[in-house]
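Presented below, as structure tokens, is a lone chain in the form predicted alone.
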């Protein structure tokens, strides 16, 4: 039996990190087993669905690299263009649901009730065989014992989640349902529906919830809960995927940074941990820094240029060699790529504000003649390279009888607007003599 799994988000809100992890675990299991990963948008809640939420789901999965294998454009698993097939939308499948409801009604397994349609729920306990949780016996509560039947079509004619979820899993031949543990309470109803349709239910695997660091359930309002926070926050997908893998799954050798290909090879449902996972931003940031530090030049340039572009910097206005040299001074110095505009934006604009604390500390009257002497020393340098810039600055400091830092700090502030950043001598070399002298002159004028 070929494995077929699905991710079935509801577009009533933006993609949650828990949903992203569910999608990832389904994708990993499909890739591990050579199976098929289906994307299905459960958009029957017309009043709450938004196209913006659909777009974030699709963009988020693509950003993570979780391309789906099947959709209604092709109808079958595709080849190199598999990411171009559309997902299934439940709103396009209403005829399928009507046919299934009619079948239940005709067999006396469902009935009309106050304009709605209710399913005749079994009166016997249901045992759920779960690959993660284990066997769960679902007893009927006292309230349900009196009337355990449940609505499958509302009085407005719209089918409800329980029905469409089961019909789609049945008709799409889903073999394994991997989803959040919060859905475990629905599963007895779903198993009863599968039995009513005369087919066995899929293998269920309910994965633990993701909690906040304090142990409370993570909601969409909590920090780090929405995928847009990572997509727009300077994270790289490799780090986020790696981190999501570690939320309720472990390779059992205490390793945390793992190539995705190795995770695919090792991932299996019995390895999913039973305990709820706690979100650890520090660990995610550590992984982010590790990936950012180890990227090859081309990947680092690509991500950096995109980050600068989002912040309004047009690197196309500068020679390619200049852009690359500027970015080389930042490699290994930042974790999040949205830090880059603040860290290195000075390379790509001549007008900038000075950090107020830096002005107060470094643009003091006694530093003006010192900075002027340094400016004159720099003006006489040729070539204008880091090693000679360092020698010149230290020589001037010696002549003035001060430590090098007395010159380093105002020079950095003058040329970058910041009190911290890339190596001073290397950034001065990248900027070049003309830019450096202009910026020093501007700072000297500012100092009065």
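Given the structure is predicted, the values throughout are model-derived calculations rather than measurements. We call the rigid core the largest set of C-alpha positions that still match within 1.5 Å between the two forms. Numbering follows the first chain given and starts at 1.
Although not depicted, the form predicted in complex with the RNA is the subject of the following passage.
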| query | finding |
| --- | --- |
| Position in contact with the RNA when the complex is considered in the model of the complex, options 196, 231, 136, 377, heavy atoms within 4.5 Å | 136 |
| Heavy atom within 4.5 Å of the RNA in the model of the complex - the one residue of 363, 295, 89, 286 that qualifies | 286 |
| Segment that reaches the RNA in the model of the complex - one of 179 to 187, 258 to 266, 367 to 375, 309 to 317, heavy atoms within 4.5 Å | 179 to 187 |
| Partner proximity in the model of the complex: residue 100 to the RNA, non-hydrogen atom cutoff 4.5 Å | no |
| Residue 209, heavy atom within 4.5 angstroms of the RNA in the model of the complex | yes |
| Partner proximity in the model of the complex: residue 32 to the RNA, non-hydrogen atom cutoff 4.5 Å | no |
| 4.5 Å heavy atom contact, residue 332 to the RNA in the model of the complex | yes |
| Sequence-ordered residues of 257 to 296 touching the RNA in the model of the complex, heavy atom within 4.5 Å | 273, 274, 275, 276, 277, 278, 280, 282, 283, 286, 290, 293 |
| Cα displacement of residue 407 between the shown form and the other one reaching 2 Å, rigid core superposed | yes |
| Yes/no, residue 361 Cα shift of 2 Å or more between the shown form and the other one with rigid core fixed | yes |
